[in-house]
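Before any questions on binding or motion, here is one chain by itself as structure tokens, the form predicted on its own.
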């Protein structure tokens, strides 16, 4: 098995896709770092101060003004009310929600990448792990070896898991190193509030807990890794079912983009909460953001994604071990 995994990793490295992904992540991190820097500078120039309390108070005023508008929908108004309560909670407890530093940037980058950017990078790797063997004609040679089919597929899947872990590690390291040049590398112990619970009546703060940012980051990394494994497994299944790499990537790309759109449009479509793409933003539950559909929570989304993962993995092995190769 180790030799099979080593062989798959060598093939993956030879395609140089991990290098391309690392370059893409590096470029985007630089762009986001610059955008964040300009935003901070604009706030300082507008308010004439860098004090986070003054900035947060202004954000509260802006949110309150937006709530008074008659043009916003009820759903968006609820989101703003929850955001307002969280901002006020941070201010009342004298905690800066955006402590400057590379760890804070890394956390924000991961939270905003969990449902589209990182899954897209994972999809690039997963979508052709099996289908490329068909297009190159090497599948017959691969299956003529004295190794059972399930072991061949398992080696490919474990290689995918290693690649996903590497992609997330690259995203974390690059976002920390690059943003640290601008914002500094301190902030690992900055206090973070978690445990906000969105209910029908509003924001419940009875279970709010204070923890260091490094602990919060570990949980964020764990959730991002889990989401990436689920998306990677679904892409892997498509690679087994669809022999065309382009078609498999197209299906997965459409699913991910539709998920980003549906998340903002499906509040009244309750059965949509069982779609995997609506459950990808697991880190939002950590921040206390209102779920896209009422009744959803972290436990529900993890269980839903787990079912999708299990079904996709079963289908992949079932089809691969029984399909005729020609």
Partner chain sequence: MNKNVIRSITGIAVLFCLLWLIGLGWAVGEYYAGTPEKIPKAKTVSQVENKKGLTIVALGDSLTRGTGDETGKGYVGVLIDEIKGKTKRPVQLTNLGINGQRSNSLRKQVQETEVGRQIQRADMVLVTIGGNDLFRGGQALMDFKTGDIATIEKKYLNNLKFIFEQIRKNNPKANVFFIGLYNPFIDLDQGREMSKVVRHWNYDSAEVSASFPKIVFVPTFDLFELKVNDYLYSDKFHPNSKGYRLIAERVASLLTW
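Note that the structure is a prediction, hence the values are computed from the model and not measured. Numbering follows the first chain given and starts at 1.
Omitted from view is the form predicted in complex with the partner chain, to which the following refers.
- Although the partner is absent from this view, residue 299 contacts the partner chain in the predicted bound form, with a non-hydrogen atom inside 4.5 angstroms.
- Among heavy atoms of residue 244, none comes within 4.5 Å of the partner chain in the predicted bound form.
- Residue contact check for residue 162: one or more of its heavy atoms lie within 4.5 Å of the partner chain in the predicted bound form.
- Using a 4.5 angstroms limit between non-hydrogen atoms, residue 210 touches the partner chain in the predicted bound form.
- Stretch-level contact analysis of 90 to 98, 175 to 183, 149 to 157, 121 to 129 against the partner chain in the predicted bound form, using heavy atoms and a 4.5 Å limit, identifies 90 to 98.
- Contact check at 4.5 Å (heavy atoms) against the partner chain in the predicted bound form: all three of 9, 225 and 285 pass.
- Residues 162, 165, 166, 168, 169 are the ones in 157 to 172 with at least one heavy atom within 4.5 Å of the partner chain in the predicted bound form, listed in sequence order.
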